[in-house]
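Two separate entries follow, structure 1 and structure 2, each one form of the same protein chain as structure tokens.
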Structure 1
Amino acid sequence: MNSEHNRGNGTGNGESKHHSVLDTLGLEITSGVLEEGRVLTLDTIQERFDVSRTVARETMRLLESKGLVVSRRRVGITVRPTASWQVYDPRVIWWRLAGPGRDSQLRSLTELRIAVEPLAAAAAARHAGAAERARLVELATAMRPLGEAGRLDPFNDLDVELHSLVLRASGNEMFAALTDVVAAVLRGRTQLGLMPDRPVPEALDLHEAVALAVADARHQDAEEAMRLLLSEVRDAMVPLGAPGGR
């Protein structure tokens, strides 16, 4: 439970010192163990992780650039409130998904997906290359038997690839930059058991509909199919008490 730092021991040499202390601190802050207003100092970081001042400082700088802390003279390194975190930073997302706030994080990211992916599908229908269109159809058709057989893991892999491909093929870098996020959401959802035992048939149909619409450059259809697919996704998530009801 206590984090012993594997210093110099054979296996885990690779990751630079920064990485381990950054991850530890990042996790502790995002998970609330180090709550807002808590003050650290470089000295305590040095001592706690047994690293040099340089490493402590560079780590602090990284945390600061992610909005997790602020460093001020004479006072130290203060943990900042949630509102100032850089929530699009991949590492921040990762930390939050790994911590206790995972569920709510998954929900806000899903809402983001609902916003972005339909437009990305429409854009992909306009801009995708021939190979990408073909691959999409291939993926969607391959998903059906896996889904019907309830083989969730390989199904999930294809699902991730399909959604990532749509985002990348959209031609908008802001959309494309969300591939990792979407992948994390999709993976996290199954790992967390938020998925039904096997995908509902509509989901299979809709994946196919999206792929075909993109392949045929029917951008309006692609957008609508993706929208339906995602509202399906939202409804399938375990409720948090929201009536929903579109």
Structure 2
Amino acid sequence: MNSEHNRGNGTGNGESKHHSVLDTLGLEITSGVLEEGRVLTLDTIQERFDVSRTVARETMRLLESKGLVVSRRRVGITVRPTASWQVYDPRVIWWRLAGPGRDSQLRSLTELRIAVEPLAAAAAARHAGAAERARLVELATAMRPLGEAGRLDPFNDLDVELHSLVLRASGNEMFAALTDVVAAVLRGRTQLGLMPDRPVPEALDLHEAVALAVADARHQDAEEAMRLLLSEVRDAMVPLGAPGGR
């Protein structure tokens, strides 16, 4: 979601301007700068961002599809309450992680993961195919040297693949549908600077424990290792503004 911030100067293409406007307004709504009940118009969006009517209209359409605004005739485009937001939408997750409410968003997402991923790991231990089991072990093994070296970007890529594979290998389509949600929070933590410089050794050990338990079809061990891993993630969260927080 790397937006181009070149609006208003005549450079860049329509798509980059569109994403820039969308991200700016999405961040302002999810952070409360544009509060519930605020009325927006296409004219004010065009003027503020120096974009075409088409870009302004498409931006509003996307915000409406994510539950952030609603358009009503003779009223305008109104900011909706949090309860109406599509909170599983990866872009909404990103905006909330990038804003001042990131601590509560991280906690909510981590609690969701604790509720789901241990059961998914147990199911994967029962249902995963041979190639999926082997790939999980490969991923966990490759993550250790990257984590120990503090190479967070490639580490994060493998982490996303590992957790996504567990969800898909569970054989439960409801778990698999959360793949984009989990990927969004894992990528967001790294790209927004919310991760420590190096994963703690316990986290590396537990990734390997999950992978090995799934590979060996030990469903109870897989469930417990994943629960411990996510509990470590929850307990390691540092509030914004606290010592060590960013």
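Numbers given to residues start at 1 and step along the sequence of structure 1. Being a predicted model, the structure only gives us computed values, none of them experimental.
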property: Between structure 1 and structure 2, the form predicted on its own; result: 2
property: Rigid-body rotation between structures 1 and 2 - hinge position, chosen from Leu112, Pro145, His219, Glu47; result: Leu112
property: Angle of rigid-body motion between structures 1 and 2, smaller part versus larger, in degrees; result: 19
